[in-house]
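Coming up is one lone chain in structure tokens, specifically the form predicted on its own.
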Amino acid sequence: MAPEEMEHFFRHESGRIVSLLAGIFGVRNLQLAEDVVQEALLAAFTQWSYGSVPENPSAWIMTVAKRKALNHLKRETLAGKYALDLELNGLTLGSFEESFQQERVEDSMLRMMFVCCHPILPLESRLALTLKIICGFSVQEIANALLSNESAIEKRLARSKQEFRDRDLPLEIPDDASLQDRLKGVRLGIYLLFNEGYNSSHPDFLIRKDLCYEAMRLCRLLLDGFPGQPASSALMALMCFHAARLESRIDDRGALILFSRQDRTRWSRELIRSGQYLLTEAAKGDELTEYHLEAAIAAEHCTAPDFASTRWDRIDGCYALLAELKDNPVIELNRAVILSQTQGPRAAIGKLEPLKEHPKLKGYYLLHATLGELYSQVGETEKARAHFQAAIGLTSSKTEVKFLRGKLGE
């Protein structure tokens, strides 16, 4: 198993088993569940690094986690530490084995997704917890995804777990008016997970397909558990359209390929068809979310026969509606890129220059990379050079740095 495959496997198994153990130990003992899983993952890493990977690694690691959890239960229950929790959860040591059945695993994961998005937690804490518990993100990856720092993320996670200990929340899916609000939080966590895979903050990997597919798997779990939710269908459609283009974004030498130069014959027609079907399903009802609009934009790109045939007016109309739904300066950046296609680079530069002072975009490398490209198109070489250099200083991705240095060379 290659290192990146092992990392993906550990992420996948971590979310499944932590969720299951939280149902056994009780949500207030979430840290214990994480500790048990870390012990199991360490055992797997140690053994597999020096020998062959078992034929069924998921079953192997589940067995190890089960054994370690049982050891904790026997040891701690005798001391009385978790006896009440086990009683409240209706669990005895004799019924412990039944808790590890496959249907219990999937159900526990769905329930944990809702616990992580509980309204007692601030929004950013919900996202941090979802990315940590369900998706297996590291603290650094969470900080990058949420535009924060590691210290702040660690504090949020610690406060969230303390809330769980104090409130003794049940591992259950809400059946009241809070369901829709909780679903929004779950969808946002999945959306951020996909984004981290599609434009990774990892310095060595611009694209992390494992995270993209993990996000799609979680969204499918959500769709199966709660059918008839247009926003969930729209989110899945959006991810299908973007995932369809994954194979065409990087060339054989690991270099970034501009969207306008991508080989459209390499796009997955199956994923595009799935996206179209899901977007049709998402249109049922009167709900319009950011996922609907972003999916519609992605659909326009994916269904255009070539770059020149892109219907920019439709895309700009979607961005205009999107700007009404969410306050995000990146939307204006994207609209300026569209403007460059319809009215030329000078018009786009006029829109982008004021955005350099926006506090959320001062450290955003794509703003400078875009300005660099636009200034190069109008022949203002020194300004283009300055923006490309600024963009290089703002990204940690080696692939993006290589691409931008190529632009400087041009």
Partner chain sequence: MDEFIFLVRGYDYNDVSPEVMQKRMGAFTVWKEKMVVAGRYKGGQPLEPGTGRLVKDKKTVITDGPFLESKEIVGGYCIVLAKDYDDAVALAKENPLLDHCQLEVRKLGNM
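Take the two forms, find the largest set of C-alpha atoms that superpose within 1.5 Å, and that set is the rigid core. Residue numbers count along the first chain shown, from 1. Since the structure is predicted, the reported quantities are computational estimates derived from the model, not experimental observations.
Beyond what is shown, the protein has a form predicted in complex with the partner chain; the following relates to that form.
Engineer: All three of 14, 47 and 141 touching the partner chain in the predicted bound form at 4.5 Å, heavy atom to heavy atom?
Structural biologist: Yes.
Engineer: Determine whether any heavy atom of residue 352 comes within 4.5 Å of a heavy atom of the partner chain in the predicted bound form, and answer yes or no.
Structural biologist: The answer is no: residue 352 has no heavy atom within 4.5 Å of the partner chain.
Engineer: Looking in the predicted bound form, any heavy atom of residue 38 within 4.5 Å of the partner chain?
Structural biologist: Looking in the predicted bound form, residue contacts with the partner chain include residue 38, since a heavy atom lies within 4.5 Å.
Engineer: Taking the partner chain as it sits in the predicted bound form, is residue 59 in contact with it (heavy atom to heavy atom, 4.5 Å or less)?
Structural biologist: Close contact is absent here: in the predicted bound form, residue 59 is far from the partner chain, nothing within 4.5 Å, heavy atoms only.
Engineer: When the contact criterion is heavy atoms within 4.5 Å, does residue 407 count as touching the partner chain in the predicted bound form?
Structural biologist: No, residue 407 is distant from the partner.
Engineer: Residues in which of 50 to 58, 359 to 367, 341 to 349, 24 to 32 have heavy atoms within 4.5 Å of the partner chain in the predicted bound form?
Structural biologist: In the other structure, the partner sits against 50 to 58.
Engineer: Check each of 185, 230, 136, 197 and return the one that places a heavy atom within 4.5 angstroms of the partner chain in the predicted bound form.
Structural biologist: Answer to the contact question: 136.
Engineer: Align both forms on the core first, then report whether residue 397 has a C-alpha shift of 2 Å or more between the shown form and the other one.
Structural biologist: It does not reach a 2 Å shift.
Engineer: Could you check, with the core superposed, whether the Cα atom of residue 132 shifts 2 Å or more between the shown form and the other one?
Structural biologist: Shift of 2 Å or more: yes.
Engineer: After the core is overlaid between the shown form and the other one, has the C-alpha of residue 231 moved by 2 angstroms or more?
Structural biologist: Residue 231: C-alpha displaced by less than 2 Å between the shown form and the other one.
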